[in-house]
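Quick setup: one chain, the form predicted on its own, written in structure tokens, and binding and motion questions come after.
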């Protein structure tokens, strides 16, 4: 681990570097003629109000209690939309009321492009009514009046409106609001600088691809004290541009549930992710991994600290993966990762059963998958420290149901899957019930407890092509397994068990 990294993260000043002028004027949306009846389409009225405030020194556009129907609007510099308690920006259910921005290539209810000192605040709600809107779009596509590939009978993500999409903006502050039911992703901040998101409540599970929050190639970001219930990934960092990077990020005291992943880097990972500190994260009832870091498109992942995770009823806990999907000759890497103070419980059954949009029923047979750190032979994962970790698994891996043994032939038969979409279950049956480590160097386990509630035919930890691994203060709890070798080494060297 980079010895200067901890001090650097502790000293990073990631508080958003602005506060909108406390003396800026408040303007009531109703004074511009906005109707709170949930019927009148207010798009033009709201846009005229935003333009006026921006052109006259800035301020807050205040929405008092009521339902304000709107299509796409553009937030402008020095303007904050403020939603009083009981106020709702209600998305139109007519897809033709939304703009597909030419620069961004997506639809959204609220856009901002190349603006500064902007925000959304208050205790009100943004409700995209995405299920209705998306299905109305499906009807238009079937009638031939909108062109879309309609893969899996779903419109493309870009042809369904998000609630918020901000691109290349500076000094962005979004606090206190409730975000509900987008038709696509929920809130995206793309190539923004100085972003602060706090105290949000997100209910984003009305349609496919409903994420909690997506942060793309942004610099200097804080996400604090937010609650997310999402059909897709909860807190998702992406890198769409090979020449950009998502960096200098703090995530603290957030809770999330997903029918995909909790904290995720990727899947699109062209540039990379650098200098993150994530603390006090709770993930529950989540179909895939609590933590997924994926460098599969040539991206770089380095200097990441995750400290304090509680993962309950989650299909997988940790999945670190290097792939080579869309790298286009760029060499991916992942290094200097610290994950500490984790308590996790992995269920035997489907953890998101009963939610609106469940994760898929995966190809079987496959016993419960372990946490995994998996690089490639030519792109190894480097310098990962796991400290103060406790994971409770169901165990019960049954070789008569699905088997991957420890012979050279069986271990070598695990495919590399260089170009595959990265998911913890992509290799199907793996030979360990606790951790599977492959193509990695400089791995350190300290004070790690792995528990299987029922006997499993597999060892707890399997290493394949690992160089330099240290295991200290390890505890393995597995019924009927006295004397069992719980750490298995294959093609690995410089391994120390203390």
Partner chain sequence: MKSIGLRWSVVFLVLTLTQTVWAKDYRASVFGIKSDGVTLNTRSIQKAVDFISENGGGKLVFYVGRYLTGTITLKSNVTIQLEEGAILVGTPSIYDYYTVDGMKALIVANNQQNIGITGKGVIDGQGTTVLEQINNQISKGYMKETALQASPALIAMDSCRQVTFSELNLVNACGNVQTYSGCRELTIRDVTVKSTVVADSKGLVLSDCNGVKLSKIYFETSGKECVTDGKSKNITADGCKNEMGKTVSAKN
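Nothing here was measured: the structure is a model prediction, and the numbers come from that model. Residue numbers count along the first chain shown, from 1.
Just so it is clear, the following notes concern the form predicted together with its partner chain, a form of the same protein that is not shown.
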Item to check | Contact test in the model of the complex: residue 99 vs its partner chain, heavy atoms, 4.5 Å | outcome: yes
Next on the checklist: Test of understanding: in the model of the complex, would residue 56 fall inside 4.5 Å of its partner chain by heavy atoms?
Outcome noted: yes
Next on the checklist: Can you tell me whether residue 45 touches its partner chain? I mean in the model of the complex, with a 4.5 angstroms heavy atom cut-off.
Outcome noted: yes
Next on the checklist: Please tell me whether any heavy atom belonging to residue 144 falls inside 4.5 Å of a heavy atom of its partner chain, as the geometry stands in the model of the complex.
Outcome noted: yes
Item to check | Segment assignment from 431-439, 457-465, 36-44, 444-452: heavy atom within 4.5 Å of its partner chain in the model of the complex | outcome: 36-44
Checklist entry - Which pick from 326, 140, 343, 74 sits with a heavy atom within 4.5 Å of its partner chain in the model of the complex? => result 140
Item to check | Of 114, 356, 253, 94, the one that lies within 4.5 Å of its partner chain in the model of the complex (heavy atoms) | outcome: 94
